[in-house]
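Coming up is one lone chain in structure tokens, specifically the form predicted alone.
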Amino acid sequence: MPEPLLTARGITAGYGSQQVLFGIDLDVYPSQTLALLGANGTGKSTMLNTLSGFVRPWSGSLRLDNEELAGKPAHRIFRRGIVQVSQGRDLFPDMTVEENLRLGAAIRRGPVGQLLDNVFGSFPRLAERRAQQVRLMSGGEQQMLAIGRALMSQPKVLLLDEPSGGLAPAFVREIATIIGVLRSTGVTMVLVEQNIKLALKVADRFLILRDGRAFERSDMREGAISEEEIVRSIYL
């Protein structure tokens, strides 16, 4: 097993006086996908937001390539290579697809033509709509754009918060395929996902959060255990 690319140790965090995370440890390995599973309110999104700097930890260590990032502002963590696609997608609705994508490469020096070609090659639907305003796109297309924009920054670790949330089944399948392709091409990812079937298809490792605490399940693979056992492990 290679050394972890991203590590968190003893992470505690919350909002105001309300503690949400209680000593979370996790390791993210190069070219692997780690799925964070759990019921609503167990701290999954808070953990993702802590990794990206949108929530500052109360205590603990967060290291990327052995550089300590805990407590650094979100823009510094972004520049170091941890890039998040949030549930809200945070797109600019009156700008075009291409304009939104180019914003994702704002921290990169030099021409971005090759990066655009790579994204359009991975997302042909975006290539067809490169001059279209984002507000005219479907939710599934906007999710593709949000992921594509994140890839324009060439992240070391890509954080995906509920990428299938609110999408029609056809788009859920398409997003699962896209995540699978990214995984096969070596993109390192941390995935928060309520869709258990999708998570089982695309993740290499699984961390279950319960009441702000985490434990890893090494037996969670598609077909390895029943969906009922998985649900029991997550929710009971």
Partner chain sequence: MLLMMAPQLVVSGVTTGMLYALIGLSMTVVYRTTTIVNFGQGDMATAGAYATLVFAVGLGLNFGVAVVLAIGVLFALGYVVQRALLRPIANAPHLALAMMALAVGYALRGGARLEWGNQFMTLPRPYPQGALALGQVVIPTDTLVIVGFVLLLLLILLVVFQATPLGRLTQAVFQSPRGAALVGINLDAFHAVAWGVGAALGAIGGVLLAIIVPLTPDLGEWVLVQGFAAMALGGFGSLGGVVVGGLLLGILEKLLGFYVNSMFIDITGYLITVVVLLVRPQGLFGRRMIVRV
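For clarity, every value in this text was computed on a predicted model and none was experimentally measured. Positions refer to the first chain, counted from 1.
Omitted from view is the form predicted in complex with its partner chain, to which the following refers.
- No member of the trio A39, R205 and R217 reaches its partner chain in the predicted complex with any non-hydrogen atom inside 4.5 Å.
- Remark: G148 does not count among the residues lining its partner chain in the predicted complex, judged by a heavy atom distance of 4.5 Å or less.
- R89 belongs to the set of residues with a heavy atom inside 4.5 Å of its partner chain in the predicted complex.
- Contact check for T50: every heavy atom lies farther than 4.5 Å from its partner chain in the predicted complex.
- Taking non-hydrogen atoms only, F54 approaches its partner chain to within 4.5 angstroms in the predicted complex.
- Contacts of stretch 85-104 with its partner chain in the predicted complex, defined by any heavy atom lying within 4.5 Å, are made by S86, R89, D90, L91, F92, P93, D94, M95, E99, L103, G104, listed in sequence order.
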